Ligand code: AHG
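Shown next as structure tokens: one chain only, the form predicted alone.
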Amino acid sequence: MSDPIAAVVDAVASTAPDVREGLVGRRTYEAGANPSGERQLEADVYADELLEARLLDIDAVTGYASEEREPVVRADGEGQYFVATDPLDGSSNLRSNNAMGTLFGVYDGTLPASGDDLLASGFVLYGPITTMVVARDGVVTESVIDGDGSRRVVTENLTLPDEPTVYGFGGRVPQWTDAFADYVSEVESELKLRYGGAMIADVNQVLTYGGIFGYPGLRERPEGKLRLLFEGHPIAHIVESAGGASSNGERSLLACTPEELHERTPLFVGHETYVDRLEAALSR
């Protein structure tokens, strides 16, 4: 294919039905953990191995990095792009049969890289139907993925709605800082709570209805839970391309460069007014 970025998007889309079908019978935990210390389901490993094989089969892709493995896997060819993935976001929801997803970013730079090196990003949401949201060149497109892996565009230029409606924040409430808790007390009187425990699903609520989603730095984990390279950059790229904003509590996530492959970050995305208010609240 003459467009290597499109080839990456097509590979993720065509893999999505296999990932979804592979969830059945892979609900048990593996003996080990991922590099962030989180337990891995068989489904996590299965999705990771599928994506590795299919993305590295693209000539233009020279490296594959995943939340589920420690090093960057390099291809034998002379490609220039690196793909970072969270193969199965929200996999803990598998036991309760709730939403999950696959998240990816295409970087024109050796990993770990800056958000400025991100050329395209996207996610697949395994909900009642399988959908795919892709951001590239400042435009966000939403598609439905059929059972054969083909895509049908349903929204050609996805943007956040004018009026924000929902919010969702992760982390145990007793572990929230006082400044963040005060901010939430303001937000909860203005928006409706929507939080399902899979970041992709929660962010898609914000893309659909408007509002804000976040996972803050906590008292005992000020660095946050989510990984900047695998989750922060791609989600920030999607939401900012859709007319919203992102932040680590101080600045745009796309302005942040991880020093380590699996570096964590606080993450907030949504309407610019709510993100600006968040940064102001945390700076007091």
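The numbering used is simple: start at 1 and walk along the sequence shown. Remember, predicted model here, so these are calculated numbers, not experimental data.
The same protein has a further form, the form predicted in complex with the ligand, not shown here; the description that follows concerns it.
- Mapping the unseen interface onto this chain, Y215 counts among the residues with a heavy atom inside 4.5 Å of the ligand in the predicted bound form.
- When contacts are judged by a 4.5 Å heavy atom cut-off, G109 does not count as touching the ligand in the predicted bound form.
- When contacts are judged by a 4.5 Å heavy atom cut-off, E67 counts as touching the ligand in the predicted bound form.
- Proximity of T102 to the ligand in the predicted bound form falls outside the 4.5 Å heavy atom cutoff.
- Just one of V134, L160, L118, A198 comes within 4.5 Å of the ligand in the predicted bound form, counting any heavy atom, and that one is A198.
- The single contact residue among E250, D57, E223, E38, judged by any heavy atom lying within 4.5 Å of the ligand in the predicted bound form, is E38.
- Proximity to the ligand in the predicted bound form, taken as heavy atoms within 4.5 Å, picks out 190 to 198 from the listed stretches 72 to 80, 173 to 181, 204 to 212, 190 to 198.
- Looking at 226 to 241, the residues that come within 4.5 Å of the ligand in the predicted bound form, counting any heavy atom, are L226, R227, E231.
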